[in-house]
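Here we start with a single chain on its own, the form predicted on its own, put down as structure tokens.
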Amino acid sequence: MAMPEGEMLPAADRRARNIDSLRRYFRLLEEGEIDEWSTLWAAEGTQLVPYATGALPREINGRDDIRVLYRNIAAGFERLRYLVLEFQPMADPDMMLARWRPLCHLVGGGEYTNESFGIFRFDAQGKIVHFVEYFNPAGFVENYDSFSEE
């Protein structure tokens, strides 16, 4: 739902909308629907991964580059589901803290799991404009080649 320029939903409505967006975000990742998932991002959206090492980029700029990265990662998953998925609103209604624990069955065999949390910032239209993701880097880096096409 697009708001007329200059108008903004009340804070409680923005929080509810953003929680719904995050539920959809994780559901679409589980379903491997990366193209539809990418529509949740603003065109200029950014993702920061402070603990990234190796082939995983520390910063990804723009919805198109984010979509490519996640397509590559998702190509290595036979199945993804979330064992834990929690959302915590922050004082700013356009910011949300999420915590999740993925369980990924890898195409090459084996499983990947990790503990993750992130801070999401949304624009006035409810699109993700910035996401900072934290996870245990050892587990991710050890498995990155197993679930990336690159």
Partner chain sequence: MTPNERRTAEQLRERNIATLRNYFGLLRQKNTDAWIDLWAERCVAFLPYAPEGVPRMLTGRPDVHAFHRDQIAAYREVSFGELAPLPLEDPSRVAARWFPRGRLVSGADYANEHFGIFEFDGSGRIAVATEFFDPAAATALVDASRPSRGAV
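Predicted, not measured: the structure shown is a model, and the values here were computed from it. Numbering follows the first chain given and starts at 1.
Below, we refer to the form predicted in complex with its partner chain, which is not included among the displayed structures.
K.L.:
Ok, Ala43, Val107, Leu83, Leu97: which has a heavy atom sitting within 4.5 Å of its partner chain in the predicted bound form?
P.N.:
Contact check passes for Leu97.
K.L.:
Please tell me which of Ala124, Ile66, Ile34, Leu48 lies within 4.5 Å of its partner chain in the predicted bound form, judged by heavy atoms.
P.N.:
The residue in contact is Leu48.
K.L.:
Even though its partner chain is not shown here, does Ala55 get within 4.5 Å of it in the predicted bound form, heavy atoms only?
P.N.:
Taking the distances in the predicted bound form, the answer for Ala55 is no, it never comes within 4.5 Å of its partner chain.
K.L.:
Would you classify Glu115 as touching its partner chain in the predicted bound form, given a 4.5 Å non-hydrogen atom cut-off?
P.N.:
Judged by the heavy-atom cut-off of 4.5 Å, Glu115 is in contact with its partner chain in the predicted bound form.
K.L.:
Using heavy atoms and a 4.5 Å limit, would one call Leu103 a contact residue for its partner chain in the predicted bound form?
P.N.:
Leu103: no, not in contact with its partner chain in the predicted bound form.
K.L.:
Applying a 4.5 Å heavy atom distance criterion, does Leu28 contact its partner chain in the predicted bound form?
P.N.:
Residue-level check for Leu28: no, no contact with its partner chain.
K.L.:
Since the partner is left out here, which residues of 76-90 would have a heavy atom within 4.5 Å of its partner chain in the predicted bound form?
P.N.:
The stretch touches the partner through Gln88, Pro89, Met90.
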